[in-house]
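As structure tokens, one chain now follows by itself in the form predicted alone.
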């Protein structure tokens, strides 16, 4: 899963990328695209690893992408580099003089709306041209695009209409306003508060990040970072929460497989049935799916061991259509 970091000039996109990924900018050219794979912190994986003492512990992962200035300038549409991202992180400047965070949020929204509107209108024009030439067109696609145009002209973000933004015929268009988004306010080091942004906080997932502070923490060892937080009386770094929230904003959840060989978090979309979750591990398990043996993380922790959980009867067997829940621990039974 890939998240694209966007924002106006001087918003702190590079600072945020480096803080998130612990990837310094000293070797990166300003014109280069940058991408990094980041582990999603999860104390459930930590505790399961302590319980099962596996040979390997594997956490869920997310890719963070930052378009370089060079790739943006080469494109007629500066938003093209993030079209293939699954979700967006909008970094908003809330530091220094003359800050206007609410206006900055709306300015980027307007640009994304315009980018989508141009794309939708071009496709509708092509469909109309094909129709005049006697070529068959996809009526459902045309109807969906017409509705998209209506909403965009009314300056409505497409993600406000999930039934539209999730429509299968539109997925190939990768419309920007249909993507999930997290709005990240890049504050001064001493300012942990959300700025006055009116109704934006009600309609968007928002988080405050003290970018420079988090960037410095990311450059430290874990021991030095812990000492720094203690010295300056800062409870915890916001970075773990930031990574976790960006994972959630994509509608993702984790289920776990456990054993003496490996404890692992697997990433799936919320609402995934058990048979498809099995395919996240291996296609053969999906093809030969028989049953899923499931226990919730909470029930296992309450029991203290798998033996006690079985004695309590908190393991259960589920079929193909069972909707996997965040934190489920699953053993798939299959035959190929």
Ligand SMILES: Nc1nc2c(ncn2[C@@H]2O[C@H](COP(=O)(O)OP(=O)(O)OP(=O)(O)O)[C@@H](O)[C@H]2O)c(=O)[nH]1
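Numbering follows the first chain given and starts at 1. It should be emphasised that the depicted structure is a prediction, and the values quoted were computed from it without experimental measurement.
The discussion below concerns the form predicted together with the ligand, not included here.
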Checklist entry - What is the one choice in 286, 272, 69, 49 with a heavy atom within 4.5 Å of the ligand in the predicted bound form? => result 69
Checklist entry - Of these, 205, 161, 123, 212, which has a heavy atom no more than 4.5 Å from the ligand in the predicted bound form? => result 212
Checklist entry - Would residue 262 count as touching the ligand in the predicted bound form under a 4.5 Å heavy atom rule? => result no
Checklist entry - So in the predicted bound form, does any heavy atom of residue 15 sit within 4.5 Å of the ligand? => result yes
Checklist entry - So in the predicted bound form, does residue 11 come within 4.5 Å of the ligand, heavy atom to heavy atom? => result yes
Checklist entry - Would residue 119 show up as a contact with the ligand in the predicted bound form if we use heavy atoms at 4.5 Å? => result no
Checklist entry - For the chain shown here without its partner, which stretch in 181 to 189, 220 to 228, 151 to 159, 246 to 254 has non-hydrogen atoms within 4.5 angstroms of the ligand in the predicted bound form? => result 181 to 189
